[in-house]
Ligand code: FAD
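This document opens with one chain alone, in structure tokens, the form predicted on its own.
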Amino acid sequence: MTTANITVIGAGVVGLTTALVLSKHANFKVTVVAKHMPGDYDIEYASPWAGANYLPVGVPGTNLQRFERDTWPELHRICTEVAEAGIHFQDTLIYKREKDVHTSTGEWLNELCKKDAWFRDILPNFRILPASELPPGIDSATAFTSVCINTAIYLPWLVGQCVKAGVIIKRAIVSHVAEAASLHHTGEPAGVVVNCTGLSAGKLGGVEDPTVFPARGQIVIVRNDPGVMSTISGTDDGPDEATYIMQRAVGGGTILGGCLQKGSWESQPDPNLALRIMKRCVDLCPQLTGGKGIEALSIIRHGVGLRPMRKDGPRVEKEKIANVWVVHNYGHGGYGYQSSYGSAAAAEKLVESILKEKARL
């Protein structure tokens, strides 16, 4: 079996998951090169800021929907079998207001809020709430079991799994995608480069995708226990503001969010937005503070992340750039964790197709 050298650019959740999937091939020698690593907190590096959870939003028939569908079985397996990965099951409530349908947030969460959602037969315990269980102002709601991920535990766990499988991980700043072929740990050139650079795909030489843009998110992390993971289709505070609540596994705190500010690169928390987020979350889930209001929230910290959006959704395809075969796997927006294994499997197939073609030549 011929050995193949592969370099993955990027050590966010998509890059590390892709490296882990590729490492299952005994003949693949995988190197991950990245500017940012788990443990870093930088506005260029989205993964540590994510909630993260599994709330599908992909439209049926799209790549994102397929990637989300194909990711759930592995997240479920890890949650069930691998306690140290930092994932736990959560009872989940999704509330919908009809008046939110045409807002940015309403469009973002449109598939999630449907009563006949495509994932109704995939996620456990899916049900439609009867009118008697709906809070005031809510037109419909669904409930199911999903997962929430403590990213501060899960990303280092992914690193550990990669290293255990023989992946070499090192820091590097890559200015051109083809340059990564020369950064393989063996000293020999990589036959394939996998581009998992997220938002940086907009400026990476050889790629420079003009359809990549940030969608700013802002969160408050608190110690309070909500007892449930929940979100709602919109807010009355603005079309790009959102309300979501999720408790990270193994003591990671509870995430209160948020917003979807497309095109904003602002890295600092907005204190006024933080107040609105906290108020909305306590209104949606009064048990957060036992009915005592936002003054009873115990704040750990505030955070801002830039979701690596792409106009047409995730890009997973192959391309030859400067005589180097590249497999792209970026543009996952705010859905990197919940589409990670599905998109990694799609990238894996493209890598295999390139190597198969090379072997025939």
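For every residue, the number given is its place in the sequence shown, counted from 1. On a predicted model such as this, the values are computed, not experimentally measured, just so you know.
The form predicted in complex with this ligand exists for this protein as well; it is not shown, and the discussion that follows is about that form.
Under a 4.5 angstroms non-hydrogen atom cutoff, this ligand in the model of the complex has G15 among its neighbouring residues.
Contact check for K35: a heavy atom falls within 4.5 Å of this ligand in the model of the complex. Within this chain, I173 lines the site of this ligand in the model of the complex, having a heavy atom no more than 4.5 Å away.
Contact between A11 and this ligand in the model of the complex is found at the 4.5 Å heavy atom cutoff. Comment: this ligand is not present in this chain, but in the model of the complex one of R66, R307, H328, K29 has a heavy atom within 4.5 Å of it, namely R307. When this ligand is considered in the model of the complex, only one residue from I153, A117, L204, A141 comes within 4.5 Å through any heavy atom, namely L204.
Contact with this ligand in the model of the complex, judged as any non-hydrogen atom within 4.5 angstroms, is confined among 280-288, 243-251, 126-134, 230-238 to 243-251. For the partner-free chain shown, nothing in 221-237 comes within 4.5 angstroms of this ligand in the model of the complex, judged by any non-hydrogen atom.
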